[in-house]
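This document starts with one chain, in the form predicted alone, laid out as structure tokens.
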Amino acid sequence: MKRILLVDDDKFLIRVYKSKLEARGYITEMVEDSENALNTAKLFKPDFIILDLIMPKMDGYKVLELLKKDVETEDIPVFVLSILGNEDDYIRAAKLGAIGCAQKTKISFEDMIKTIEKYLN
């Protein structure tokens, strides 16, 4: 079974995603703290990461940068799911290695599943 790491300080959103992804057979892990995201990625060894940009302590850009610089996590596809909707934010995330970006309020769960399946199949 494929593993998905959810990194977001929005507890409600990641719990909903966790529940829906597990109902589809994915193994998921939630991290609400960006600093723990790096260690969890190494230990959990996800096949896919959904990452928020706006988080306390360390923003998602820095998390993404560190994931892509680490040989243990550099090849994991990271999709940015954020409240930010500015094209500059998405360009910056893409330059750091994100495979895609979407605004939380504008992507349906079904579209998110299509994106995940595109990279995991």
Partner chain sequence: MLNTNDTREDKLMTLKSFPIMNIATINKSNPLSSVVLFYVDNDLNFYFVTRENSYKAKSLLEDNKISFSVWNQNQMIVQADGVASVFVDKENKIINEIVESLKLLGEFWPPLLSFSESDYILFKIKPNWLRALNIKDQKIATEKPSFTFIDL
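No experiment lies behind these values; they were computed from the predicted model shown. Numbering follows the first chain given and starts at 1.
We do not show the form predicted together with its partner chain, though everything after this point is about it.
Shown without its partner, this chain lists 91, 27, 43, 83 as candidates; in the predicted complex, only 83 has a non-hydrogen atom within 4.5 angstroms of its partner chain. Residue 102 falls outside the set of residues with a heavy atom inside 4.5 Å of its partner chain in the predicted complex. Of the heavy atoms in residue 47, none are within 4.5 Å of its partner chain in the predicted complex. Its partner chain is not shown here, and in the predicted complex it never comes within 4.5 Å of any heavy atom of residue 65. Contact check for residue 32: a heavy atom falls within 4.5 Å of its partner chain in the predicted complex. Contacts between 13 to 27 and its partner chain, taken as any heavy atom within 4.5 Å in the predicted complex, involve 13, 15, 16, 17, 19, 20, 24.
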